[in-house]
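Below you'll find only one chain, the form predicted alone, shown as C-alpha coordinates.
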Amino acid sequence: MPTIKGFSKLSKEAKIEWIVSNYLENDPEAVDFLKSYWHEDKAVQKLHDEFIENTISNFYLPFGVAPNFLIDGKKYCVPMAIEESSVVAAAAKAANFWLERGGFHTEVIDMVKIGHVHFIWEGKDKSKLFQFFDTLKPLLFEGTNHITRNMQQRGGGILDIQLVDKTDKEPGYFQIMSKFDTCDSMGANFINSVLEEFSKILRDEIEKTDILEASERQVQVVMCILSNYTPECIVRAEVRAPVSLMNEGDSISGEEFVEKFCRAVRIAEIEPYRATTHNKGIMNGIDSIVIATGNDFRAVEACAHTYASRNGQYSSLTHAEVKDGMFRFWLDIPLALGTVGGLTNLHPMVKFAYKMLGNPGASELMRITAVVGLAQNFSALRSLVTSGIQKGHMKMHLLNILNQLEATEEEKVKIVDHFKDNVVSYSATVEIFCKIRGIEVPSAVTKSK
(Lines give C-alpha, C1' and ligand atoms only; values in the text may rest on other atoms or scores of the structure.)
Protein backbone atom coordinates (compact mmCIF):
# COMPACT_ATOMS: atom_id res chain seq x y z
CA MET A 1 0.00 0.00 0.00
CA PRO A 2 1.25 3.53 -0.72
CA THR A 3 2.67 5.84 1.92
CA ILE A 4 1.10 9.25 2.24
CA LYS A 5 2.50 12.46 3.72
CA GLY A 6 0.38 15.34 4.94
CA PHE A 7 -2.70 13.14 5.38
CA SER A 8 -3.99 15.24 8.29
CA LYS A 9 -4.04 18.32 6.07
CA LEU A 10 -6.44 16.77 3.56
CA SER A 11 -10.14 17.55 3.67
CA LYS A 12 -12.39 14.88 5.17
CA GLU A 13 -13.69 13.99 1.71
CA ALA A 14 -10.14 13.65 0.39
CA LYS A 15 -9.15 11.42 3.31
CA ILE A 16 -12.09 9.14 2.58
CA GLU A 17 -11.29 9.05 -1.15
CA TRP A 18 -7.68 8.02 -0.41
CA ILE A 19 -8.76 5.28 2.04
CA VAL A 20 -11.41 3.90 -0.30
CA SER A 21 -9.10 3.83 -3.31
CA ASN A 22 -6.15 2.29 -1.46
CA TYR A 23 -7.73 0.02 1.16
CA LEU A 24 -11.30 -0.70 0.04
CA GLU A 25 -10.84 -1.51 -3.64
CA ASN A 26 -12.81 1.58 -4.69
CA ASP A 27 -15.96 0.14 -3.16
CA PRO A 28 -18.69 2.54 -4.39
CA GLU A 29 -20.80 1.94 -1.27
CA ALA A 30 -18.03 2.75 1.24
CA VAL A 31 -18.33 6.52 0.89
CA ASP A 32 -22.10 6.44 1.31
CA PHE A 33 -21.72 4.12 4.28
CA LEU A 34 -19.32 6.48 6.09
CA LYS A 35 -21.48 9.50 5.31
CA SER A 36 -24.59 7.74 6.61
CA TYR A 37 -23.10 8.06 10.10
CA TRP A 38 -22.46 11.78 9.78
CA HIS A 39 -24.72 14.02 11.83
CA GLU A 40 -27.30 15.85 9.73
CA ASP A 41 -26.58 19.07 11.64
CA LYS A 42 -23.33 20.34 10.07
CA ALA A 43 -22.39 22.34 13.18
CA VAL A 44 -22.69 19.24 15.38
CA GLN A 45 -20.70 17.19 12.88
CA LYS A 46 -17.97 19.86 12.74
CA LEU A 47 -17.78 19.68 16.53
CA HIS A 48 -17.31 15.90 16.40
CA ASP A 49 -14.74 16.20 13.60
CA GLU A 50 -12.58 18.41 15.79
CA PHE A 51 -12.52 16.14 18.85
CA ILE A 52 -9.66 14.12 17.31
CA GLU A 53 -7.43 14.19 14.24
CA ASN A 54 -8.25 12.51 10.90
CA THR A 55 -11.97 12.08 11.59
CA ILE A 56 -13.84 10.47 8.71
CA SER A 57 -17.11 9.47 10.40
CA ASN A 58 -18.77 8.79 13.76
CA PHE A 59 -18.80 5.53 15.72
CA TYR A 60 -22.03 5.03 17.61
CA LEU A 61 -22.46 3.40 21.01
CA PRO A 62 -25.89 2.79 22.54
CA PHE A 63 -26.82 5.44 25.11
CA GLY A 64 -29.09 3.80 27.66
CA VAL A 65 -30.45 4.67 31.07
CA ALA A 66 -30.91 2.78 34.33
CA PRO A 67 -33.66 4.36 36.46
CA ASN A 68 -34.55 4.07 40.16
CA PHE A 69 -31.07 4.49 41.65
CA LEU A 70 -31.63 5.72 45.21
CA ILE A 71 -28.30 7.22 46.31
CA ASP A 72 -28.00 8.90 49.71
CA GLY A 73 -31.74 9.53 49.70
CA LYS A 74 -31.86 11.02 46.19
CA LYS A 75 -33.20 9.27 43.09
CA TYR A 76 -31.22 9.25 39.85
CA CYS A 77 -31.80 8.04 36.32
CA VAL A 78 -28.27 7.08 35.29
CA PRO A 79 -26.92 7.45 31.72
CA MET A 80 -24.84 4.53 30.44
CA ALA A 81 -22.96 4.36 27.13
CA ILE A 82 -21.92 0.78 26.40
CA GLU A 83 -22.32 -1.95 23.77
CA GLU A 84 -22.46 -5.03 26.01
CA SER A 85 -26.00 -6.35 25.99
CA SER A 86 -26.72 -7.16 29.63
CA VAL A 87 -24.99 -4.31 31.47
CA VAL A 88 -27.79 -1.74 31.59
CA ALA A 89 -30.35 -4.40 32.44
CA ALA A 90 -28.19 -5.67 35.31
CA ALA A 91 -27.68 -2.16 36.71
CA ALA A 92 -31.40 -1.41 36.55
CA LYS A 93 -32.22 -4.71 38.24
CA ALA A 94 -29.83 -3.97 41.13
CA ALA A 95 -31.23 -0.44 41.45
CA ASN A 96 -34.75 -1.84 41.83
CA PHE A 97 -33.60 -4.48 44.32
CA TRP A 98 -31.97 -1.93 46.62
CA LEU A 99 -34.69 0.70 46.12
CA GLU A 100 -36.82 -1.40 48.47
CA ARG A 101 -33.98 -1.90 50.96
CA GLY A 102 -32.80 1.64 51.68
CA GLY A 103 -30.85 2.36 48.52
CA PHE A 104 -27.13 3.00 48.16
CA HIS A 105 -24.93 4.92 50.60
CA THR A 106 -21.75 6.73 49.61
CA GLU A 107 -18.81 8.67 51.01
CA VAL A 108 -16.09 10.58 49.18
CA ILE A 109 -13.06 9.85 51.33
CA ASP A 110 -10.69 12.24 49.52
CA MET A 111 -10.12 13.92 46.14
CA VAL A 112 -6.32 14.21 46.01
CA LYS A 113 -4.53 13.88 42.65
CA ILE A 114 -0.81 13.42 42.14
CA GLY A 115 1.87 14.47 39.68
CA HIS A 116 5.65 14.15 39.48
CA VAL A 117 8.74 15.86 38.15
CA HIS A 118 11.04 12.89 37.47
CA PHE A 119 14.69 13.93 37.49
CA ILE A 120 18.24 12.65 37.83
CA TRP A 121 20.73 14.14 40.30
CA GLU A 122 24.12 12.49 40.55
CA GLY A 123 25.55 14.22 43.62
CA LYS A 124 27.12 12.22 46.44
CA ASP A 125 25.47 13.61 49.58
CA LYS A 126 21.71 13.20 49.32
CA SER A 127 21.16 15.02 52.59
CA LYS A 128 22.35 18.22 50.91
CA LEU A 129 19.77 17.77 48.13
CA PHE A 130 17.04 17.49 50.76
CA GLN A 131 18.46 20.59 52.48
CA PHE A 132 18.32 22.41 49.14
CA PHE A 133 14.72 21.22 48.63
CA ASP A 134 13.70 22.84 51.92
CA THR A 135 14.69 26.19 50.42
CA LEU A 136 13.16 25.31 47.03
CA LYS A 137 9.72 24.27 48.26
CA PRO A 138 8.34 27.75 49.06
CA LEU A 139 9.68 28.97 45.72
CA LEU A 140 7.72 26.24 43.93
CA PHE A 141 4.51 27.45 45.55
CA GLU A 142 5.29 31.11 44.80
CA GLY A 143 6.61 30.50 41.28
CA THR A 144 3.42 28.74 40.16
CA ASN A 145 0.95 31.13 41.75
CA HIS A 146 0.11 32.60 38.34
CA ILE A 147 -1.07 29.12 37.25
CA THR A 148 -2.82 28.10 40.47
CA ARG A 149 -4.52 31.38 41.39
CA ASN A 150 -7.87 30.62 39.76
CA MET A 151 -7.91 27.07 41.12
CA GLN A 152 -7.15 28.41 44.59
CA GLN A 153 -10.11 30.76 44.33
CA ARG A 154 -12.33 27.74 43.68
CA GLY A 155 -10.96 26.02 46.79
CA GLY A 156 -8.27 23.87 45.17
CA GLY A 157 -4.65 24.12 44.12
CA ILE A 158 -1.40 22.58 45.33
CA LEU A 159 -1.83 20.68 48.60
CA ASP A 160 1.73 19.50 49.21
CA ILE A 161 5.14 19.14 47.56
CA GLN A 162 7.69 16.48 48.55
CA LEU A 163 11.12 15.32 47.42
CA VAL A 164 11.17 11.54 46.96
CA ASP A 165 14.37 9.47 46.82
CA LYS A 166 14.11 6.59 44.33
CA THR A 167 17.84 5.90 43.96
CA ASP A 168 17.42 2.37 45.34
CA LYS A 169 15.42 1.60 42.17
CA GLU A 170 17.37 3.64 39.59
CA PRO A 171 20.74 5.42 40.02
CA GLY A 172 20.32 9.15 40.64
CA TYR A 173 16.52 9.00 40.32
CA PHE A 174 14.50 11.49 42.38
CA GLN A 175 10.99 12.89 42.17
CA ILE A 176 9.28 16.09 43.08
CA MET A 177 5.90 14.65 44.02
CA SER A 178 3.04 17.09 44.33
CA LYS A 179 -0.52 16.59 45.51
CA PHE A 180 -3.39 18.61 44.06
CA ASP A 181 -7.06 19.37 44.52
CA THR A 182 -8.53 20.25 41.14
CA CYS A 183 -12.12 20.77 42.35
CA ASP A 184 -14.65 19.87 39.63
CA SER A 185 -12.11 19.48 36.81
CA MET A 186 -10.16 16.33 36.06
CA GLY A 187 -7.18 18.69 36.08
CA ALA A 188 -4.69 17.00 33.76
CA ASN A 189 -3.68 20.15 31.89
CA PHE A 190 -3.56 22.16 35.12
CA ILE A 191 -1.35 19.62 36.89
CA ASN A 192 1.00 19.17 33.93
CA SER A 193 1.41 22.94 33.54
CA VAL A 194 2.33 23.28 37.22
CA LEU A 195 4.80 20.41 37.02
CA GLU A 196 6.56 21.86 33.99
CA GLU A 197 6.91 25.16 35.84
CA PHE A 198 8.33 23.25 38.82
CA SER A 199 11.03 21.80 36.56
CA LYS A 200 12.06 25.27 35.33
CA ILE A 201 12.29 26.59 38.88
CA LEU A 202 14.26 23.50 39.95
CA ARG A 203 16.82 23.98 37.17
CA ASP A 204 17.15 27.71 37.79
CA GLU A 205 17.51 27.49 41.56
CA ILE A 206 19.87 24.54 41.72
CA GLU A 207 22.37 26.39 39.52
CA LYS A 208 22.77 29.21 42.05
CA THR A 209 22.47 27.46 45.42
CA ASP A 210 25.39 27.50 47.86
CA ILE A 211 24.19 24.35 49.60
CA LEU A 212 25.59 22.11 46.86
CA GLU A 213 29.08 21.90 45.42
CA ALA A 214 29.55 23.48 41.97
CA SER A 215 29.81 20.01 40.38
CA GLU A 216 26.45 19.03 41.90
CA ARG A 217 24.44 22.05 40.73
CA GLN A 218 22.76 20.41 37.80
CA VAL A 219 19.82 18.09 37.23
CA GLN A 220 18.47 16.19 34.26
CA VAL A 221 14.70 16.51 34.12
CA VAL A 222 13.39 13.29 32.57
CA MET A 223 9.68 14.20 32.40
CA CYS A 224 6.90 16.15 34.09
CA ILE A 225 3.55 14.34 34.15
CA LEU A 226 0.52 13.70 36.30
CA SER A 227 -0.16 10.16 37.47
CA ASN A 228 -3.39 8.39 36.62
CA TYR A 229 -2.90 6.38 39.80
CA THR A 230 -4.84 8.35 42.41
CA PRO A 231 -5.01 6.19 45.57
CA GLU A 232 -6.06 9.22 47.62
CA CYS A 233 -8.98 10.15 45.35
CA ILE A 234 -11.27 7.54 46.87
CA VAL A 235 -15.02 7.05 47.02
CA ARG A 236 -16.93 4.35 48.91
CA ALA A 237 -20.31 3.00 47.83
CA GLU A 238 -22.19 0.45 49.91
CA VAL A 239 -25.49 -1.30 50.50
CA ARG A 240 -26.74 -2.90 53.70
CA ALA A 241 -29.85 -4.72 54.79
CA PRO A 242 -31.01 -7.31 57.32
CA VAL A 243 -30.16 -10.83 56.17
CA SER A 244 -33.85 -11.70 56.38
CA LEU A 245 -34.55 -9.28 53.50
CA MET A 246 -31.95 -10.84 51.21
CA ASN A 247 -34.04 -13.83 50.15
CA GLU A 248 -34.43 -14.70 46.47
CA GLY A 249 -38.17 -15.34 46.37
CA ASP A 250 -39.12 -18.83 47.53
CA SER A 251 -36.10 -20.48 45.93
CA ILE A 252 -33.42 -19.46 48.45
CA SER A 253 -33.50 -17.99 51.96
CA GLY A 254 -31.72 -14.77 52.92
CA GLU A 255 -29.27 -16.71 55.08
CA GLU A 256 -28.32 -19.07 52.28
CA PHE A 257 -28.09 -16.28 49.72
CA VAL A 258 -25.72 -14.08 51.75
CA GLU A 259 -23.58 -17.08 52.68
CA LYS A 260 -23.11 -17.93 49.01
CA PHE A 261 -22.68 -14.27 48.06
CA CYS A 262 -20.00 -13.54 50.69
CA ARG A 263 -18.14 -16.70 49.74
CA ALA A 264 -18.10 -15.61 46.10
CA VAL A 265 -16.60 -12.26 47.13
CA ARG A 266 -13.97 -13.96 49.30
CA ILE A 267 -12.94 -16.09 46.33
CA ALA A 268 -12.44 -12.90 44.29
CA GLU A 269 -10.36 -11.48 47.15
CA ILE A 270 -7.92 -14.39 47.14
CA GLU A 271 -7.92 -15.67 43.54
CA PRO A 272 -6.53 -13.31 40.84
CA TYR A 273 -8.08 -15.32 38.00
CA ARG A 274 -11.52 -14.75 39.48
CA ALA A 275 -10.71 -11.19 40.66
CA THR A 276 -9.93 -10.09 37.09
CA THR A 277 -13.36 -11.10 35.78
CA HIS A 278 -15.02 -9.89 38.98
CA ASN A 279 -13.48 -6.42 38.63
CA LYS A 280 -14.16 -6.34 34.91
CA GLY A 281 -17.85 -6.57 35.81
CA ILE A 282 -17.48 -3.61 38.16
CA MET A 283 -15.83 -1.63 35.38
CA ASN A 284 -18.69 -2.51 32.99
CA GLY A 285 -20.85 -0.23 35.07
CA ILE A 286 -18.22 2.38 35.87
CA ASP A 287 -16.91 2.73 32.30
CA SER A 288 -20.40 3.13 30.89
CA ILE A 289 -21.14 6.21 33.00
CA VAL A 290 -17.58 7.53 32.63
CA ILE A 291 -18.01 7.44 28.84
CA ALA A 292 -21.52 8.92 29.00
CA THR A 293 -20.20 11.86 31.06
CA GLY A 294 -17.20 12.57 28.82
CA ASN A 295 -14.52 11.39 31.23
CA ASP A 296 -11.41 9.32 30.51
CA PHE A 297 -12.35 5.65 30.98
CA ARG A 298 -8.81 4.47 30.13
CA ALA A 299 -7.39 6.47 33.05
CA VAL A 300 -10.14 5.23 35.36
CA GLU A 301 -9.54 1.61 34.29
CA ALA A 302 -5.75 1.83 34.73
CA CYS A 303 -6.12 3.40 38.16
CA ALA A 304 -8.70 0.88 39.37
CA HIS A 305 -6.59 -2.12 38.38
CA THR A 306 -3.44 -0.64 39.93
CA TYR A 307 -5.42 -0.03 43.13
CA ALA A 308 -6.66 -3.62 43.05
CA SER A 309 -2.98 -4.71 43.13
CA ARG A 310 -1.81 -2.32 45.84
CA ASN A 311 -1.19 -5.07 48.43
CA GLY A 312 1.04 -7.13 46.15
CA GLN A 313 -1.64 -9.35 44.62
CA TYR A 314 -4.49 -8.49 42.29
CA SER A 315 -7.70 -8.72 44.30
CA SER A 316 -11.38 -7.84 44.42
CA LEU A 317 -12.39 -4.19 44.59
CA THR A 318 -15.59 -5.11 46.44
CA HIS A 319 -16.04 -6.70 49.86
CA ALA A 320 -18.92 -8.25 51.79
CA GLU A 321 -19.66 -9.24 55.37
CA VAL A 322 -22.45 -10.24 57.74
CA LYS A 323 -22.43 -8.84 61.28
CA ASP A 324 -25.21 -8.95 63.85
CA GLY A 325 -27.73 -10.10 61.28
CA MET A 326 -26.88 -7.33 58.81
CA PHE A 327 -25.53 -7.94 55.32
CA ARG A 328 -23.10 -5.30 54.03
CA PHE A 329 -21.56 -5.07 50.55
CA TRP A 330 -19.20 -2.25 49.59
CA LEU A 331 -16.76 -0.88 47.03
CA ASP A 332 -13.77 1.39 47.66
CA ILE A 333 -12.38 2.74 44.40
CA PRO A 334 -10.22 5.66 43.20
CA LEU A 335 -12.17 7.78 40.69
CA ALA A 336 -10.52 10.92 39.30
CA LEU A 337 -13.47 12.47 37.47
CA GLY A 338 -14.28 15.96 36.23
CA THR A 339 -17.49 17.79 35.44
CA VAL A 340 -15.94 20.85 33.80
CA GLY A 341 -13.50 21.09 30.90
CA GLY A 342 -12.78 18.53 28.19
CA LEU A 343 -15.83 17.06 26.47
CA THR A 344 -18.14 18.00 29.34
CA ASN A 345 -18.89 21.40 27.81
CA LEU A 346 -18.68 20.29 24.16
CA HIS A 347 -20.28 16.94 23.41
CA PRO A 348 -24.08 17.32 23.08
CA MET A 349 -24.83 13.87 24.54
CA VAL A 350 -22.47 14.50 27.45
CA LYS A 351 -24.25 17.75 28.23
CA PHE A 352 -27.56 15.86 28.08
CA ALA A 353 -26.20 13.24 30.50
CA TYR A 354 -25.19 15.90 33.01
CA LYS A 355 -28.56 17.62 32.74
CA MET A 356 -30.34 14.32 33.41
CA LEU A 357 -28.16 13.80 36.49
CA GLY A 358 -28.94 17.29 37.78
CA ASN A 359 -25.56 18.79 36.77
CA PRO A 360 -23.50 17.18 39.56
CA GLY A 361 -20.10 18.38 40.69
CA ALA A 362 -17.10 16.04 40.64
CA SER A 363 -17.76 14.71 44.15
CA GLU A 364 -21.37 13.81 43.36
CA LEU A 365 -20.39 12.22 40.06
CA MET A 366 -17.81 10.09 41.89
CA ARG A 367 -20.58 8.86 44.19
CA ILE A 368 -22.97 8.04 41.35
CA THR A 369 -20.29 6.27 39.32
CA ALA A 370 -19.10 4.13 42.22
CA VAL A 371 -22.69 3.11 42.94
CA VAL A 372 -23.20 1.92 39.35
CA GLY A 373 -20.03 -0.20 39.64
CA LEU A 374 -21.27 -1.72 42.91
CA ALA A 375 -24.72 -2.35 41.43
CA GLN A 376 -23.20 -4.09 38.42
CA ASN A 377 -21.11 -6.35 40.64
CA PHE A 378 -24.08 -7.13 42.88
CA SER A 379 -26.19 -8.23 39.91
CA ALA A 380 -23.40 -10.40 38.51
CA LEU A 381 -22.74 -12.13 41.84
CA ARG A 382 -26.46 -12.49 42.50
CA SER A 383 -26.83 -14.38 39.21
CA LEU A 384 -23.68 -16.44 39.70
CA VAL A 385 -24.70 -17.82 43.09
CA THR A 386 -28.34 -18.45 42.10
CA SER A 387 -29.49 -19.04 38.51
CA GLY A 388 -26.09 -18.73 36.85
CA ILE A 389 -24.70 -15.88 34.74
CA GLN A 390 -25.61 -17.25 31.31
CA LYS A 391 -29.39 -17.32 31.74
CA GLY A 392 -29.79 -13.57 31.92
CA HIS A 393 -26.83 -12.72 29.70
CA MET A 394 -27.84 -14.99 26.83
CA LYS A 395 -31.44 -13.78 26.94
CA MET A 396 -30.10 -10.28 26.30
CA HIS A 397 -27.65 -11.59 23.70
CA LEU A 398 -30.49 -13.33 21.84
CA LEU A 399 -31.58 -10.16 20.07
CA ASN A 400 -28.02 -9.59 18.83
CA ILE A 401 -28.04 -13.08 17.31
CA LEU A 402 -31.42 -12.47 15.69
CA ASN A 403 -30.22 -9.18 14.23
CA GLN A 404 -27.20 -10.97 12.76
CA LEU A 405 -29.61 -13.46 11.16
CA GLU A 406 -31.72 -10.54 9.86
CA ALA A 407 -34.84 -11.99 11.46
CA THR A 408 -38.11 -10.16 10.88
CA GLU A 409 -40.04 -8.65 13.80
CA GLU A 410 -42.56 -11.49 13.59
CA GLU A 411 -39.79 -14.07 13.68
CA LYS A 412 -38.17 -12.33 16.66
CA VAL A 413 -41.41 -12.51 18.65
CA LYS A 414 -41.75 -16.25 18.00
CA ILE A 415 -38.12 -17.03 18.81
CA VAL A 416 -38.01 -14.93 21.98
CA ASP A 417 -41.18 -16.70 23.13
CA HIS A 418 -39.56 -20.08 22.39
CA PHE A 419 -36.58 -19.27 24.64
CA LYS A 420 -38.68 -18.28 27.64
CA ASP A 421 -38.42 -21.91 28.71
CA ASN A 422 -35.31 -23.00 26.80
CA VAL A 423 -31.57 -22.38 27.13
CA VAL A 424 -30.28 -19.77 24.68
CA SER A 425 -27.26 -20.64 22.54
CA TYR A 426 -26.14 -19.55 19.10
CA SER A 427 -26.70 -22.96 17.54
CA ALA A 428 -30.13 -23.36 19.16
CA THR A 429 -31.14 -19.91 17.91
CA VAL A 430 -30.03 -20.66 14.35
CA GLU A 431 -31.87 -23.99 14.46
CA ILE A 432 -35.23 -22.53 15.55
CA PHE A 433 -34.79 -19.63 13.12
CA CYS A 434 -34.28 -22.03 10.20
CA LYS A 435 -37.24 -24.14 11.32
CA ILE A 436 -39.53 -21.08 11.34
CA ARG A 437 -38.28 -20.00 7.92
CA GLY A 438 -38.54 -23.52 6.54
CA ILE A 439 -34.92 -23.62 5.43
CA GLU A 440 -32.12 -26.12 5.98
CA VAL A 441 -29.95 -25.72 9.07
CA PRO A 442 -26.31 -24.94 8.02
CA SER A 443 -24.01 -27.94 8.37
CA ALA A 444 -21.59 -25.95 10.55
CA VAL A 445 -24.36 -25.57 13.13
CA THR A 446 -25.40 -29.23 13.11
CA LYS A 447 -21.76 -30.33 13.46
CA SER A 448 -21.23 -28.04 16.47
CA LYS A 449 -24.07 -29.63 18.44
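When you see a residue number, it is the position in the sequence shown, counting from 1. Small disclaimer: the values here were computed from a predicted structure and weren't measured.
As for the form predicted in complex with a small molecule, it is not shown, yet the points below apply to it.
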* Triple contact flag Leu70, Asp72 and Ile286 to the small molecule in the model of the complex, non-hydrogen atom at 4.5 angstroms -> no
* Asked: Of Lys128, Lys200, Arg274, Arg217, which residue is found within 4.5 angstroms of the small molecule in the model of the complex when only non-hydrogen atoms are counted?
  -> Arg274
* So which of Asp110, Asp181, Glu84, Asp332 reaches within 4.5 angstroms of the small molecule in the model of the complex, heavy atom to heavy atom? -> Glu84
* Asked: Any of the heavy atoms of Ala66 lying within 4.5 Å of the small molecule in the model of the complex?
  -> no
* **Residue contact check: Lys280 to the small molecule in the model of the complex, 4.5 Å heavy atom** => yes
* **Partner contact for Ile401 in the model of the complex: the small molecule, 4.5 angstroms, heavy atom** => no
* To do: With heavy atoms only and a cut-off of 4.5 Å, decide whether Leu384 touches the small molecule in the model of the complex.
  => yes
* Determine which one of 28-36, 401-409, 50-58, 376-384 lies within 4.5 Å of the small molecule in the model of the complex, judging by heavy atom distances; exactly one does. => 376-384
